[in-house]
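One chain comes next, on its own, written as structure tokens: the form predicted on its own.
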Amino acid sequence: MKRLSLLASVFGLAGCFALAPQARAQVKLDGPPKIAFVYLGAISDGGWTGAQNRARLVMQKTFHEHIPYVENIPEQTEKVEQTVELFLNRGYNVIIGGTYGYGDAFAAEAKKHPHVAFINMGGVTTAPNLESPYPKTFQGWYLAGYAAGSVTKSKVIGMIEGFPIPSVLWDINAYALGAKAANPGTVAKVAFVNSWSDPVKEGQLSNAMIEQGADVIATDMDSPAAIVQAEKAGKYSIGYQNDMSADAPNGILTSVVFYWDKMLVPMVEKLKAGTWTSAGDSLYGLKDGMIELTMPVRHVSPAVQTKIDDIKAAMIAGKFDPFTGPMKAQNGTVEVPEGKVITTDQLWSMKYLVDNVQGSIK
């Protein structure tokens, strides 16, 4: 889940995004689109890279061509630039990456190669020929939280997280708010691994939450380790990024799944037509099909499934936002006033947990 770096969180994401140019010039490629992927992790990771690779496979089928990739390229600017240049030297002109840490390298390469299109999933740097898209994961997590709230008996649910950065905090807060909407008085415990993938620690934290009364465990991580432990303990669980039902076949409620292809395929089609423009640091949600729940949700009543469907439809129609006020932080501060909806800038600068979350970001 290599979305945004801790460094960006420390120095303020709002500033990072304010500096990112929202370029709109159409990109003219030197020849037909020829696509290549650069991955931070392994396609077998079961999470972040695996979800991106699913999109690559869809694109291969859609465009009837082989799309190469390279795995395990670290977030080191020089290494990323070398990898990109290798693809460029072989004639590839649509380079797709997948992590915040590639941002500087992609920005530099985009400046050097204005007739190449760059797409960095989870990044923040932008240019006339560089877009950094990300899904509105909070939409999926609100729905998943509603499911969790509907089945919890203890009114305690848990969530295992990587780092306390805005795009993680909005997942936690949406999950907690969804659970509270379904079952008032429900609290969500949160624990941070301080890594995007540490299966041993994820499992340990899952067990600790279960010992503290949590009867639903959600993972926001690259591995299914946390929900595997929930399954062993006979508890409910929620997966992330991919359908994780195979890892917790008895207790899983649903998974919040990424469909990057819903954004990437239209982008490439526009590149083929010569009409693509970078949308900058863009967000894509349920309406775009980029984020979704595995359906039907398991272990919930037909009435709850109908309610989840209705909330989802309202979000797609723009009639409901999970972060509609009044929304209070743990310290009682009103972060979103009654009748107001959170703004995009407020999303990217989120540095708090809502009042029914138990845990700390310090």
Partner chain sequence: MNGFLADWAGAVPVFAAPFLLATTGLIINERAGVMNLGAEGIMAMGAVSAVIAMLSGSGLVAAILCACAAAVAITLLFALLAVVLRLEQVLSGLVIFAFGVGLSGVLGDSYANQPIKALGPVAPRIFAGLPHWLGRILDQDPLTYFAFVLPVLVWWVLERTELGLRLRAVGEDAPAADAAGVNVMRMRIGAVLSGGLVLGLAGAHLSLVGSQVWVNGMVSGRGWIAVALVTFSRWNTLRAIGAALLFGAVQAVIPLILSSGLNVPIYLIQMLPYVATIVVLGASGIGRTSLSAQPEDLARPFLREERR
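Bear in mind that the values here come from a model prediction, so they are computed numbers and not experimental data. Positions refer to the first chain, counted from 1.
The following text describes the form predicted together with its partner chain, which does not appear among the structures shown.
- At least one heavy atom of residue 223 is located within 4.5 Å of its partner chain in the predicted bound form.
- Proximity of residue 200 to its partner chain in the predicted bound form falls within the 4.5 Å heavy atom cutoff.
- In the predicted bound form, its partner chain sits beyond 4.5 Å of every heavy atom of residue 265.
- The closest non-hydrogen atom of residue 229 lies within 4.5 Å of its partner chain in the predicted bound form.
- Screening 41 to 49, 313 to 321, 333 to 341, 299 to 307 for residues having heavy atoms within 4.5 Å of its partner chain in the predicted bound form returns a single hit, 41 to 49.
- Interface residue among 182, 127, 193, 257, judged by heavy atoms within 4.5 Å of its partner chain in the predicted bound form: 193.
- Comment: its partner chain is not present in this chain, but in the predicted bound form one of 174, 253, 209, 291 has a heavy atom within 4.5 Å of it, namely 209.
- Of the residues in 159 to 186, only 164 comes within 4.5 Å of its partner chain in the predicted bound form through at least one heavy atom.
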